[in-house]
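A single chain comes next, written as structure tokens; it is the form predicted on its own.
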């Protein structure tokens, strides 16, 4: 999957999980938990939506590296 498709998938998933976040103005350096205020259930739902839309499953041992929107985009792009 290329970066553009991965970015679109991540932003679409974020729209569902965090409807209050202004996606159009989102800085991809934003931290998922601290800046976007995703709790652990939101984070898991985000990963579930991404798995459904891209086929990219995320093993638990990779969770710690997925701290920002850009890290998630890069992760999906590399594995999609």
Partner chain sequence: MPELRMPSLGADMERGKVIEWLVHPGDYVHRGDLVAEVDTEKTVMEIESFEEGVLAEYLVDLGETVPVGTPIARMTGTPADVAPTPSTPQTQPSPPAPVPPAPPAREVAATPGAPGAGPLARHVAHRLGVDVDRVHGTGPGGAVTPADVEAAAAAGARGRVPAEGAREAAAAAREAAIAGPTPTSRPSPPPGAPSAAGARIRSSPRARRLAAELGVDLASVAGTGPDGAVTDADVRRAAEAGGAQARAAAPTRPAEAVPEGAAAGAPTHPRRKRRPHGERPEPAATAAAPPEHGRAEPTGAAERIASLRRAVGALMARSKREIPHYYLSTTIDLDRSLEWMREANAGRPLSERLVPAALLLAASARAAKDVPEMNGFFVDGGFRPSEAVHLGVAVALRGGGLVAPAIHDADRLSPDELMAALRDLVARARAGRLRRAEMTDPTITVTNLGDLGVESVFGVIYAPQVALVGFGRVVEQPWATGGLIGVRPAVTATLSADHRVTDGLRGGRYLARVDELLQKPEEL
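Residue numbers count along the first chain shown, from 1. Predicted model only: the values in this text are computed from it and were never measured.
Here the subject shifts to the form predicted in complex with its partner chain, a form of this protein not shown in this document.
Of the heavy atoms in residue 33, some are within 4.5 Å of its partner chain in the model of the complex.
Residue contact with its partner chain in the model of the complex: residue 9 places no heavy atom within 4.5 Å of it. Using a 4.5 angstroms limit between non-hydrogen atoms, residue 29 is distant from its partner chain in the model of the complex. Taking the partner from elsewhere, residue 17 is found to have a heavy atom lying within 4.5 Å of its partner chain in the model of the complex. Along 34-63, these residues reach a heavy atom to within 4.5 Å of its partner chain in the model of the complex: 36, 37, 38, 39, 40, 41, 42, 44, 45, 47, 48, 51, 57, 58, 59, 60, 63.
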